[in-house]
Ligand code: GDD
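First, one chain by itself: the form predicted on its own, in structure tokens.
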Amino acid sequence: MHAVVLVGGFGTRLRPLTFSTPKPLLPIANVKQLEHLIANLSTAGVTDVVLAIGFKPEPFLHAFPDGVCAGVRVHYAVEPEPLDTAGAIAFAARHVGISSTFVVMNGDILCDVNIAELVEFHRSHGAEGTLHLTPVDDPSQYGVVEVDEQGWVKRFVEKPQPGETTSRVINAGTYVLEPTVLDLMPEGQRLSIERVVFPAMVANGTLAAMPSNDYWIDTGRPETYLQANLDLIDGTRQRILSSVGTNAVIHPSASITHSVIGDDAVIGEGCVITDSVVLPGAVIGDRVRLERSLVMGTVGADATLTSCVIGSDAHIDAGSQLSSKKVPDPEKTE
């Protein structure tokens, strides 16, 4: 079975981290996010994944030089121009000749949904498409999905006002589709699957949906990317990963609490690191204090960073006191 993974976004919300690394290749607890996702797909019998790439395929080719990730064959479909979600899915599916049931996943989510169960639900309903749904505390911040008792989608309600709907589940970014859906996606056309294709399927009565309470998080913002890392080391999820990467150098006097230290990172003497992610290759000088921060670059001695995001080329001067800063500032960087 094939899967299409949408990895064409610019990662704007995660800048400056994504200036140097595409969002799906950022590590979560020292494993590339895309590898987490593909490993989950493999449990459902997916043998081939097509990466729908909007630009710059080179980092992905470098990440998987042998064309395999988590035991799954990886193919690349590079759009000639931005095609939006439906256009990207159709381009990728046609690129590799998909002709049977396939899975689609957004590349900026981390979830534990049982994809094999989702596929079985889809087939048992005889649906043309099936959405995975996840509950949210505040549906007014999302587009919610209304589903009938048989599991068929009735309608979508964008950012509902109080009393407008009783639904508290949203589209979680994983779908099972039949190849006939491609007929709704004209070749080469820029088209949204959420705003155009899914509503058309609802009108035809062919779109089903399966809710679940599995772990799910959108990793596209600094605070949620940080949370996804910490969730993998503190028991929030069933799978527990190492919080310290290979070849990391950590001074024995450093205090590291509820944090992830990436491959080849350097942590100096007397550092205090709490609720943070030090990404691969970052250098943290002596006596630095990090709290709720994401660091790719270099932080000079005696600096204190709180709720900061530091890019790969950044160098924070010794003794700096920063709070809620992004360096370099994405709004000032072309």
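Throughout, rigid core stands for the largest set of C-alpha atoms superposing within 1.5 Å between the two forms. Since we're looking at a predicted model, the values are computed, not measured. Position 1 is the first residue in the sequence shown; the rest follow in order.
Below: the form predicted together with the ligand, not depicted.
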*Okay, which stretch from 100 to 108, 257 to 265, 200 to 208, 68 to 76 lines the ligand in the predicted complex, with non-hydrogen atoms inside 4.5 Å?*
100 to 108
*Report yes if any heavy atom of Val176 sits within 4.5 Å of a heavy atom of the ligand in the predicted complex; otherwise report no.*
no
_Can you tell me if Leu6 lies within 4.5 angstroms of the ligand in the predicted complex, counting non-hydrogen atoms only?_
yes
*Report yes if any heavy atom of Leu83 sits within 4.5 Å of a heavy atom of the ligand in the predicted complex; otherwise report no.*
yes
*asked:* in the predicted complex, is there a heavy atom of the ligand that lies within 4.5 Å of any heavy atom of Lys159, even though the partner is absent here?
replied: yes
*Contact residue in the predicted complex, from Leu34, Leu294, Leu305, Ala52 (heavy atom within 4.5 Å of the ligand)*: Ala52
*Heavy atom within 4.5 Å of the ligand in the predicted complex: which of Ser212, Thr224, Ser167, Asn171?*
Asn171
*Heavy atoms within 4.5 Å of the ligand in the predicted complex is the criterion; list the residues of 188 to 218 that meet it.*
Glu194, Trp216, Asp218
*Rigid core fitted, is the C-alpha displacement of His75 between the shown form and the other one 2 Å or more?*
no
_My question is whether Lys159 is one of the residues whose C-alpha shifts by 2 Å or more between the shown form and the other one, given a fit on the rigid core._
yes
